[in-house]
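Heads up, the chain below is alone and in the form predicted alone; it's given as structure tokens.
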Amino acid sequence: MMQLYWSPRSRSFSALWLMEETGKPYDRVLTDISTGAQRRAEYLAINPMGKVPALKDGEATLAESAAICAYVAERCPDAKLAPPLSDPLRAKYLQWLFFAPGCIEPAMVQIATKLEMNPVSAGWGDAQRVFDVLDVALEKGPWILGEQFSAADIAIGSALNFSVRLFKMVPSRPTFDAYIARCVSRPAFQRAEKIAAG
């Protein structure tokens, strides 16, 4: 059985939501970052970065939310969280799955810190462009791939929920609000939120 290392009020939420979407049993291993549990040797053996979430599946261990999303989606194909390899949507699925940590998260940091970056030097370009591109992509809806919900929606939906709905770091837009509402209405999201709240 997969073991998810998580902590309340952290980036672990996306992995909790992911695991709930699979419908498969899994063990939750509380790694409470408020007590420094992520710095203990036994946890650092799983994720040397000392961050949550992390996942253990037999002898396999991995960290990084998007990697966990990709891994679990492939390990649980009946959950239909990723287009099959032969589906042309697979390319956009991978693009959007990694857009969350590669573009949205740095853009959130840029906004929160008021950091001025040369858009040519920053891997994400600039925050305004990141959210403009995402706005256009979500207009088609209901999900980032159109009709098909995927693990990419978990990555993007978690980031928007955090930055727009919960912490109001990113200005609200009608497209974002509608997308977040669709994410929040999913039973798996609601179960994950209940777990995260304790």
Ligand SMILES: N[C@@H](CCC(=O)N[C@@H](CS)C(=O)NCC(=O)O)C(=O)O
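Please read all numbers here as calculations on a predicted model, not as lab measurements. Quick note: we count residues from 1 along the sequence shown, nothing fancier.
Not on display, but discussed next: the form predicted together with the named molecule.
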**Request:** Would you kindly say which of Arg173, Lys56, Lys51, Arg165 lies with a heavy atom within 4.5 Å of the named molecule in the model of the complex?
**Result:** Lys51
**Prompt:** Applying a 4.5 Å heavy atom distance criterion, does Arg182 contact the named molecule in the model of the complex?
**Reply:** no
**Prompt:** Arg186 near the named molecule in the model of the complex, any heavy atom under 4.5 Å?
**Reply:** no
**Request:** Could you confirm whether Ser150 comes within 4.5 Å of the named molecule in the model of the complex, counting heavy atoms only?
**Result:** no
**Request:** Verify the contact flag for Arg40: yes if a non-hydrogen atom of it lies within 4.5 Å of a non-hydrogen atom of the named molecule in the model of the complex, no if not.
**Result:** no
**Fill in**
With a 4.5 Å heavy atom cut-off to the named molecule in the model of the complex, the contacting stretch among 7-15, 173-181, 186-194, 21-29 is 7-15
**Asked** In sequence order, which positions of 58-74 have a non-hydrogen atom within 4.5 Å of the named molecule in the model of the complex?
**Response** Glu64, Ser65
